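What follows is a pair of forms of the same protein chain, given separately as structure tokens and numbered structure 1 and structure 2.
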Structure 1
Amino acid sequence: MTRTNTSDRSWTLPAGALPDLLAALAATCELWTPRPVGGGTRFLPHGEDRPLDLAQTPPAHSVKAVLFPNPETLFTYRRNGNDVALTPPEPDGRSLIVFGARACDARAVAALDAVFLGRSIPDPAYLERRERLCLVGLACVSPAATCFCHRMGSGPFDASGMDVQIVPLDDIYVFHLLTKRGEACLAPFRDRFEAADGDTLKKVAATKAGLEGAEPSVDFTALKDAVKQHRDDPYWETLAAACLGCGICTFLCPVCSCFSITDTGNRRGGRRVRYWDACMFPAFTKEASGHNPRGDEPARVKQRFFHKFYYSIENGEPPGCVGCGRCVIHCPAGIDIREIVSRFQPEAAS
């Protein structure tokens, strides 16, 4: 993506004017915003039925559900005699704006891109949404205690992968337009904004400086090598003894992308549907012969973390963790991925 000069593309919006801006965006594009559902927050199509929630850091559910829906109809089919007609979903065509994504989710999109677009044949359903996407991110001015994005090479103000970054500041929002796509999405509403002055930008810089991580970032190449050297470490058995195999970590992870496909209908017609799946489930790798190469819990637990910290990096893709901390918060067994990373850091894995 081509980036603009941010010093010339920093705008301010009064906090009270945000609802009207979102309503105007929703009238012209497909807009997703974070909304409270139960005890958490998830990205939903923007509407007046639920209040906006920009406070939960990060939202309980990630941007993954927008680009990689669950479930997702890949096509419908209709049989007419010996002929079968396949009909993919009608493309939306409008700009797709995800508003309020944090740095961890923006970086996770790059990992999803590697899976769905970086292989030999791009996934057409994902590609259609990705090409329309304008990611309007939100800097984390109050990171949660479970956040560790700085250790994963990021940070609360990391704008990687964003088209626009918003910084909450007192009673205003500062919009940094980072790409041509971000500029194009907000250009029709330019008259709602004021140009950010020097004092405002200094406040933004001071806020960012106060949130710089004290711990060093992980050396992923060294971590990959350390994990490989400890393939047979008894620690995997210890983790497996605690793991419930429920898949919560997989479904909440903004990077995990395993799926299964099911045909529903009858011989006259139906649809092919893609569902999220998890490598933690016993049947995920079960073969038609009945053989399961990862038939026990320790093998599945090890596979999950090898995928994140060995296979992805070995294949030249982004690491499988962005430090969002969702799995730390919601794992019912109390498994903490930060402890796993620390254990297999080279200095701790001797």
Structure 2
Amino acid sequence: MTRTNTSDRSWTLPAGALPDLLAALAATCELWTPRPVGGGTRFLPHGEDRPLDLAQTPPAHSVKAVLFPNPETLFTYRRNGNDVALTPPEPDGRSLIVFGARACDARAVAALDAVFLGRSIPDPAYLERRERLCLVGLACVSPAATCFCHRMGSGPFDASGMDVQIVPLDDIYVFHLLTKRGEACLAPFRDRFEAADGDTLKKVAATKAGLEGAEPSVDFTALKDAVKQHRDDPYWETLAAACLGCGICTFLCPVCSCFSITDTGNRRGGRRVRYWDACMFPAFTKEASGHNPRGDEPARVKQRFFHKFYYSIENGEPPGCVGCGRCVIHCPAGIDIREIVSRFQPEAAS
């Protein structure tokens, strides 16, 4: 939670002053804000073209798209006679501010870090953005019915992974500065804020207290041990019978980060790009010979949940689910990850 509640690290901003603050940040930083596209809010480069949407909870699309863009150019190639020139993209030197991320998405960054920074060589493009990242999070004051972050060891006011946490009160925003990076990003705009007084901090504490007391967290080690015992459970076939294999769960998941790599262009020139891929697709593992180690739907459904609740934990990485509920909302077959968690750890559902 917040590291300190002294007022020199808790500032208030009148709600009406937010647009000007964002415009000022966008002038010097790479700023991403949640804004509606169709019916779903996603993080976009800040602009006046669409209104800010801090209400949709959670935003339909997660912060994943900012740190792990889809698609992303790894390098361009241009043929010159027999030889070929390879040019990686230029890094961006500006701070990268993501504004309005919820606790679930902020926690998911740790899981993305494990994949992109936790291997023998860090992913250079991810690292470059991660080093510039200032995550300005937003406490959830009205979680959705599908939210289950409490069960995944978090809560709507969890600030882990955030550099700044904003708590919306009636007509003000309270900005809690949690890290040096958060302070550095907002320090140039200090005169737009006022120090939070004791009454304001009491209101924040009361709001937070009102959202606690939900379901307890699962024991991830016990869950892993239970899931691990069910490699041959016919349950996976039952789930697979309903699953359409559309992959929406993986694309909207803030943690799922599987990708493919391909060339776009022709033999003379083009780009090598990576793009989001999904374990739910048969071609994900299909080899050129035709052999497919996960050629049937039950194997793919099992892979998704095993990765989230068994492999991640076994490898000492953060759990593969942060309880955002996006897959619950959008699965066309009504597959509910909360039921899967309950099945393997029924005692935690009480």
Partner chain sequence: MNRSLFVPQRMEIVKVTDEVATHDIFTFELAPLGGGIAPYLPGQFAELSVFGAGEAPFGYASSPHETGTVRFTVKRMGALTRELHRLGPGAVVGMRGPLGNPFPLDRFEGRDLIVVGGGYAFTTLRSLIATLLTDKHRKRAGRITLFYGVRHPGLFLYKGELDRWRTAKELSLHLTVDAADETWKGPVKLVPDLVRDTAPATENAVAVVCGPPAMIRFTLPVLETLGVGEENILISMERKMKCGVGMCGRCNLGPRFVCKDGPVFTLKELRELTDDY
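In this text, the rigid core denotes the largest set of C-alpha atoms whose superposition between the two forms falls within 1.5 Å. None of the values given here were measured: they were computed from a predicted structure. Reference numbering: structure 1, starting with residue 1.
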Give me a 1 or a 2 for the form predicted in complex with its partner chain.
2
Using the core for the fit, does the CA position of residue 170 change by 2 Å or more between the two structures?
no
Rigid core superposed: residue 84 CA moves 2 Å or more between the two structures
yes
